[in-house]
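Read the single chain below, which is given as structure tokens and is the form predicted on its own.
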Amino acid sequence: MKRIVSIQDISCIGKCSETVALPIISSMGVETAILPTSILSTHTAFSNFTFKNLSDEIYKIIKHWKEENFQFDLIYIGYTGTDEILDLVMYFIEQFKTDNNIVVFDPAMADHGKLYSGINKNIVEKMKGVCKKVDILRPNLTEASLLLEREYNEQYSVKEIENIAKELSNLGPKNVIITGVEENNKIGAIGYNGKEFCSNFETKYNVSYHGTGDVFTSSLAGSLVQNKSLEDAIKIATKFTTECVRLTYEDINGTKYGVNFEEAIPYLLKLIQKY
């Protein structure tokens, strides 16, 4: 069985980060190890959330895992929250990256033109260092703009986004996937492997839910370790995320703090069989 390690926070309420990654990847038939970077009472869209930095434990966990000679087919890095934890993430990559595994980095720090609560410019700079060490960089358009130190715009053409992907590849990642791309009233993602582009677009719902990026990256990671191509993995992740949004949008009791991804897991498994 393939094994993924998910390195990101645990938000106790609010569907994102580890509480999304663990069930989605596990449902795809992939063993999921977790390395929590912090624990929050809720995700950061709530007010007055509590935050406990777990950096003191991270080094101990890395040391133990190294002694046990644990190995991972894919290293998935999500929300980190502090520059101290980013240093530990880079150390983790140095210890566990091999020629045969994949490192996927979601630089979770901003959306809709704004930084998340608690994120500062020093963290943005540290994330550029992580970019040099990864195989796949998966930002949204706000995060892409921050990494490139360019002004964020509300609207981009596909050609402009392709150029952004090329610029991001100059930071070091072998592949770049930009999410939240809109075209002809649809929404999706554009991928770049250093030579050519691929993309997939699905129905756009006029609503915004927290954690959809985590849903996308988790299903992308689960697809990649099952030897799906970058293009097919993007299709699976885009279609699954859109189905999660649809189910939540059509649910009169749908929450405002996450999507009904649990209901969409049977659809995800069909996608895995199809592509």
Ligand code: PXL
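We number the residues from 1 along the sequence you see. For clarity, every value in this text was computed on a predicted model and none was experimentally measured.
Absent from the display: the form predicted in complex with this ligand. The rest refers to it.
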Checklist entry - Picking from 211-219, 23-31, 61-69, 225-233, which part of the chain touches this ligand in the model of the complex when contact means heavy atoms within 4.5 Å? => result 211-219
Checklist entry - Which residue, 96, 156, 201, 116, has a heavy atom that falls within 4.5 Å of this ligand in the model of the complex? => result 116
Next on the checklist: Please identify the residue among 79, 192, 92, 105 with any heavy atom within 4.5 Å of this ligand in the model of the complex.
Outcome noted: 79
Checklist entry - Is residue 17 close enough to this ligand in the model of the complex to count, meaning some heavy atom within 4.5 Å? => result yes
Item to check | residue 40, heavy atom within 4.5 angstroms of this ligand in the model of the complex | outcome: yes
